[in-house]
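There is one chain below, alone, in C-alpha cells, taken in the form predicted alone.
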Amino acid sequence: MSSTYTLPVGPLHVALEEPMYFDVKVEGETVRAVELAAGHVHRGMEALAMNRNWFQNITLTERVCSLCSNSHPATYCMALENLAGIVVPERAQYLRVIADEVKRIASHLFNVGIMAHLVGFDSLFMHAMEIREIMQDVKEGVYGNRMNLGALTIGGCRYDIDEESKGFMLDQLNKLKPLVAELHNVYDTDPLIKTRTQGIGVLPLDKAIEYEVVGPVARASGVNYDVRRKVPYAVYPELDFEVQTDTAGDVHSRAMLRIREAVESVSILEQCLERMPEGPNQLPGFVPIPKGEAIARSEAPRGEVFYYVRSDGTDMPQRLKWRVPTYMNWEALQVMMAGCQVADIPLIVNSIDPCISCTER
C-alpha cells in the first residue's frame, strides 16, 4: 500500500541553473499535487530602474534575462518610442528583427539540447549544443558578445551590418540549416526521445487558455498566438513566416515546435539580410521623453514580453514595470505535473523553458 508524502524539489536541482523550489506531494512515484515557492533570486530591478536614466536602463533591462536578453531592451525602447512619438528608421527596424531572431534560434536550441541531457541522451545534447555554437559565433562575430548583444538604443540600434558581416551571417545560416533539419529528424524519430517525452506533461487546450500561458508552451497546446502576427511590430508585417502550432501539448510537442520555430527564424533572417534598405541605423541626437505613460510588447523566445513605462518629464522613469513569459507559464506546471512520475519532473519543468531570474527580478 503506497503512502502519500511531500517531496521537496529544489531550490537547486537538475532541470534549472537557477533556484526554484517545488513542494511536490507524491503517492509512491506518482505526483499528486505541486506547490511553487518563489522569491529566491529577487533583485529589485524595477526599483533599480527608477534610479537610472532612460539610457542607463537599456543596459539594466538587457540583464533581466540571459536567453531573452535582446527582447527586454527592445520592448523597453519600443515603449519609450511609443510615448515620445519616435519613428525608428526602417534599417534599424530590420536590424532589431535580426538581433531578436538570432537570439531566438540560440535560445530554442539550448532548450532542446538540455532536454536531451535530461533524457540521458548526452551525445545528442552535445550535438545540439555544437549546432547552437554556429549562432553563438554569429553573436560574437557581429555583436562582439556571446550573450548580451548590446544592440539596442532609443530610436534605433547601436550596431550595423556591413557587406562582410552580411556574408558571414548568410554563410553561418547555410551551415545551420541542414544541421537543424537533422536535429528535427532525430527528435522526431528516436525511440528513446519519444518514449520519455510523448504523453508527458500534457497541457490541454482548455487548460492552456485557462492558465493564459504564452509562447511555445501555448502554441504547442493549440493556441495560435504569436505577438509577431497578432500585434505586429518592427518589420514583421513585411516578412513571410508561419506561426508554428501543435495540438499534443506534451514535452515532445513543445520541443519539436521550438525546432520548427528555429527553422522559421532562419528564413526570417535571410529575408531581412536580403531586403534591408540603406539608411541610418539610429536617430541622431536624443529625443526628450515627455510626461505620460505607454506600453509595448514583443514575442521573446519564451513568449510575450510586456513593458509599461510612466514618465514625469524628467530623464528618469517614474515607473517601469514588465511582465515576463515564465510568470504566465509556471502556474500551469500544476496541470502538467499532475499524475506524472517523479522522474519526469525535470523534463516537464524544462519544457516550459523557465527563467527564474526574469520572473523574480
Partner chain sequence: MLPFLKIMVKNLLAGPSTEAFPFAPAHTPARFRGKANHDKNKCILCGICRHVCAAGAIQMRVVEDGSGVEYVLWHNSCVFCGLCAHYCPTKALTMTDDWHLAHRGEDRFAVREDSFVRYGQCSTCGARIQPRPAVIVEALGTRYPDRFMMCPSCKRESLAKRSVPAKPDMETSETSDE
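Numbering follows the first chain given and starts at 1. Being a predicted model, the structure only gives us computed values, none of them experimental.
A second form of this protein, the form predicted in complex with the partner chain, is not displayed here; the remarks below concern that form.
Just to be sure I understand the contacts: of Glu130, Glu274, Glu242, Asp171, which is the one whose heavy atoms reach within 4.5 angstroms of the partner chain in the predicted bound form? Looking at the other structure, the residue within range turns out to be Glu130.
Could you tell me if Arg63 has a non-hydrogen atom within 4.5 Å of the partner chain in the predicted bound form? Yes, Arg63 lies within 4.5 Å of the partner chain in the predicted bound form.
Does Pro204 make contact with the partner chain in the predicted bound form, using a 4.5 Å heavy atom cut-off? Pro204 lies outside the contact set for the partner chain.
Using a 4.5 Å heavy atom cut-off, state whether Tyr94 contacts the partner chain in the predicted bound form. No, Tyr94 is distant from the partner.
May I ask you to check whether Ser123 falls inside a 4.5 Å heavy atom distance of the partner chain in the predicted bound form? Judged by the heavy-atom cut-off of 4.5 Å, Ser123 is in contact with the partner chain in the predicted bound form.
Could you list the residues in 315-336 that come within 4.5 Å of the partner chain in the predicted bound form, counting only heavy atoms and keeping sequence order? Heavy-atom contacts to the partner chain in the predicted bound form: only Asp315.
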